[in-house]
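First comes one chain, alone, set out as structure tokens in the form predicted on its own.
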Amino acid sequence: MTPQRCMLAGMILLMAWVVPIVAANAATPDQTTRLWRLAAQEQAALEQRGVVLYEASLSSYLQTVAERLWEQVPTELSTPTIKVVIDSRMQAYAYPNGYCFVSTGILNRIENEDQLAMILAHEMVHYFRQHTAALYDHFQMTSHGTGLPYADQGQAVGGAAMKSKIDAAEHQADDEGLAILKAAGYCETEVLSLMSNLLNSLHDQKASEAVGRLEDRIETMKARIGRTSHRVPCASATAGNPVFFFNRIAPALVANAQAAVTCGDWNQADQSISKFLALKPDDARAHYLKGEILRRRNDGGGNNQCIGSYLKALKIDPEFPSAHRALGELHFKAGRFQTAKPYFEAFLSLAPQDNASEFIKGYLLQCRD
């Protein structure tokens, strides 16, 4: 996602989810048509950029949770379609045409299905109440523009009035999302654990403004849950069994580790791949990625640790070319040319068309000399 993602998708970030009820102003038919067209265009752009994660078992699982929640929503609108975007930031957002996206970064911070259900229920309310249409309508009136408002323009465009409408939408999504969550049989107290996890992550990122907003929301949510006179028994498939949940979101953990590596967020990358390896210790690609994280983070003594990860990858899959290349490079740079040589030869044999082949051939010539 670019920092300038339009309000159509970006105004409803999970980190901003807040509470009470303000009915959405209905957009005109022309505005609705335009919003749906823009939504489709932006979704197509995500597809073209290759940042949408396609994994059948994960998609099926998320859709099953969504359908269970949607049964509690009094509407004729079709069930939202849940998709995962490869992005290490904590994000979730709803489009007015019923597509809801969650990032690999937010999935990495969720501990069970109950917490996932709150995220999805929150975004479903945005879709059900058509909050984007209401905000778009307000933006058009205040800016006299023809484009869509952006997520970072709440103060600049529409000022306090726009911010108030965004806050009201978030309040409503929190309030009604919690009601949907409970009606579907999920544990409402897990919402507090979820928000606490997100708060810790925001502290780590030193996002002071977002921390303040989330702290306020946590207090509001504590009061709301405390007023509940009847607690619905937990009935989620993952109650007391987090392994069930993590097995189903495992593909998102690997994808998030790769996204975090790209951003240079070594702590998050290591956290994601370590979670995955705890579930699937026989995955060669994951051990290779763990090695890459250790090598590139270079946190003192990391080279020895990363060699171990690469060797584990080759023990599982002796024909994993990238692990051969990585080991060859490590030994070559340490001056162990004869140790590096067979790894370079194996890499060239297994991946002769790889873009790195030419400079690996140069390394190999030096090893032979």
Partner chain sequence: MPGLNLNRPVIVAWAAATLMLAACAGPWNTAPVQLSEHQWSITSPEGWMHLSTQESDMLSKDGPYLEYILIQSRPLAQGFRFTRQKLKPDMLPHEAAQLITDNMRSDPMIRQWRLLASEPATVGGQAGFRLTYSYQDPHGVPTKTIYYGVIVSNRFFNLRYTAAQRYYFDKELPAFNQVFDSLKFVVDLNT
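Positions refer to the first chain, counted from 1. Keep in mind that this is a model prediction, so the values were computed, not measured.
Another form exists, predicted in complex with its partner chain; not displayed. Remarks below refer to it.
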Every residue of Ala45, Thr262 and Phe332 near its partner chain in the predicted bound form, heavy atom within 4.5 Å | yes
Partner contact check in the predicted bound form: of 75 to 83, 289 to 297, 244 to 252, 216 to 224, the stretch with a heavy atom within 4.5 Å of its partner chain is 289 to 297
Of Lys182, His171, Arg89, Arg285, which one comes within 4.5 Å of its partner chain in the predicted bound form, counting heavy atoms only?
-> Arg89
Which listed residue (Arg49, Arg336, Arg34, Lys315) meets the criterion of a heavy atom within 4.5 Å of its partner chain in the predicted bound form?
-> Arg49
Ile360, heavy atom within 4.5 angstroms of its partner chain in the predicted bound form | yes
Please run the contact check for Asn355 against its partner chain in the predicted bound form: heavy atoms, 4.5 angstroms, yes or no?
-> yes
Using the partner position in the predicted bound form, report whether Arg68 sits within 4.5 Å of its partner chain, counting heavy atoms only.
-> no
Would Arg325 sit within 4.5 Å of its partner chain in the predicted bound form, counting heavy atoms only?
-> yes
